[in-house]
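Two separate entries follow, structure 1 and structure 2, each one form of the same protein chain as structure tokens.
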Structure 1
Amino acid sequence: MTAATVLPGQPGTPGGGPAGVRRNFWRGVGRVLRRKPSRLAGVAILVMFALMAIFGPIVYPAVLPRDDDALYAPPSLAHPFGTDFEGTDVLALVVTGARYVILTGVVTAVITVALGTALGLVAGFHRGRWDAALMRLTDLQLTIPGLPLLLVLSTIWKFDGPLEMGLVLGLLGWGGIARAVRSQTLSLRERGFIEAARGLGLSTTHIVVRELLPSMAPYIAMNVLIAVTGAIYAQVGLFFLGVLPFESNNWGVMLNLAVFGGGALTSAAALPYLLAPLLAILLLTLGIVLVVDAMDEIFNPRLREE
């Protein structure tokens, strides 16, 4: 329905059927990734951080060991990034703190993209009163100052875990995606395959879910990764400013303690404690950027090199 011609791998062609479509898709993904080694590096970085978030707190004990005789120890084979003000290995802090940061980013991205996509699709497809009402709601959400609201909420809500943090950040960040999805929906709804679906008497739900949504899947997938990056910056910034309680280890807490507790900006001894979480954030962001670059070519045939 979404294509006027039969493409290779579709039913009726050699290697057709769903299995053939999937094989051709993953072969194309492999070709795009191999075309630039940096893209493979981006995938490897994301896989590394995912494994770090999943298994890091399992590998290390719940209470990390301390060495009172090695406060702010310099980097060494035993401690690649040195130790902190309590003699705790900084690398262990980075690894165990990854779960909070990454899980918050994923929860934020899912809520942001799900809400923004749903509202944008409904508004763009139905237009009229639905469009006006949902876009006014979106405009209202976009006018809410996120940081001041988070500062107020932090006085009454402890944000005990990444799920609570992700929920709040997600509810504050869906407006931009909703408007972008609405614009794309307004363009797609006038295409021939949508008109054909209406002519066949297909339900609105079928048209939106089976016709419009797959056409915007590449854009939505890239926005998931971009939303993860924004959520990481937001939460790390809040912990760095000290407006959230330090009840769990994460990279923002490390930055706060390094700067305001350890004097990392004026003391070289505490500098590795500051640079380790910054390097983790930079590396994770780089991985996301490289994967988004690959996704752009995977889903946009015009960018593919023959």
Structure 2
Amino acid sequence: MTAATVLPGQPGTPGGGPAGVRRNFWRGVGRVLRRKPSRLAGVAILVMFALMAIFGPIVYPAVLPRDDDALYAPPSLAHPFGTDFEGTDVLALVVTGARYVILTGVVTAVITVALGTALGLVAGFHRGRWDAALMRLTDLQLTIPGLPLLLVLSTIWKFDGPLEMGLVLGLLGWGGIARAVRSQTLSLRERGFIEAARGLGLSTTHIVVRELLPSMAPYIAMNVLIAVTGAIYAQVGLFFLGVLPFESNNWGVMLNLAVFGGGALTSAAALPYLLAPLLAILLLTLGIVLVVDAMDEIFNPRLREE
């Protein structure tokens, strides 16, 4: 959003002007990250998962090799997390499974943010009847229990592939952002922001795209991360519960097979098979918690002073 406001060929004056603001922003980001090194670790973790999702399935063969002599093998140099009930390397399963999981998260986030922001803006901007109707819809979306609804839906819809899965989760998850964006819009409105822009003869599109969205961008950005995690947990959970057909590699499938399938929990030797995907989720959560913590500080300067 900020990039759009920089006119070409117009050098940013230091400390002022859009480019300067942007430079200050990045300097602020740098400072916030340096202040607590753990936050850099958070960024590194997220980058690692992104790389896993992009390159994982390229590095490994499409059908992972099985080793019939090493079923539930303990961790070793060749298999850092051991092998599963078919003798497949657990690490390979986790790495190749990351794409499905993370792709779903990204699709969900895109839909959630697009839908939530649009509906929130419309509601906050128009108020009146539109607002009331949209907020009723939002309330409804927020109160209907999501997971049970997903389970019930799974009886008639198989959510084939990460795209469809992301679509479903996105359609069920926009309420929070819509409400937040609406209240932000209303508060900007109360401060005379919109009226002032109107008074200057600016078009509605201009007000929304150039004025409202940039000031809400931080808010939306944080919600993107939260939406991504929510989507990842939900789909892994669905596969773990075993209500969806196991057609592709997914951490949830691993969890399901580990607990209910091969009887992994009857012997400690098979634990790595269960723990590897759990570790992946924990690590991802840690990364997101650390990055959200950093974003919180970047976008809420009040928190900076301790």
Partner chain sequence: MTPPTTPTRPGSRTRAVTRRLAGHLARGLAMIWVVTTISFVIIRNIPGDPVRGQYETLIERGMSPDQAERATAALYGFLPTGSLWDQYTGYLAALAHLDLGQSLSTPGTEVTTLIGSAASWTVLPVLGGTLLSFLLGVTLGVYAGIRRSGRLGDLLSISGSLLHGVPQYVIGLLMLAIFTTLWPIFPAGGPVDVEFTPGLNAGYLASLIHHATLPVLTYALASYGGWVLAMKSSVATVLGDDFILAAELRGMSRGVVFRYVARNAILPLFTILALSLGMLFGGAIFIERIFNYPGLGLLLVNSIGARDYALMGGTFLVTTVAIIIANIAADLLYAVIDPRVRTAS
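Computed from a predicted model, the values in this text were never measured in an experiment. Counting starts at 1 with the first residue of structure 1 and goes up one by one along its sequence. Whichever C-alpha set is largest while still superposing within 1.5 Å between the two forms counts as the rigid core.
- Of structures 1 and 2, the form predicted in complex with its partner chain: Between the two, the form predicted in complex with its partner chain is shown as structure 2, not structure 1.
- Item | Yes/no, residue 217 Cα shift of 2 Å or more between structure 1 and structure 2 with rigid core fixed | No, residue 217 moves less than 2 Å.
- Query: Do you see a C-alpha shift of 2 Å or more at residue 117 between structure 1 and structure 2, with the core held fixed?
  - Reply: No, its C-alpha moves less than 2 Å.
- Query: residue 142: with the rigid core matched between structure 1 and structure 2, does its Cα shift 2 Å or more?
  - Reply: The answer is yes; the displacement is at least 2 Å.
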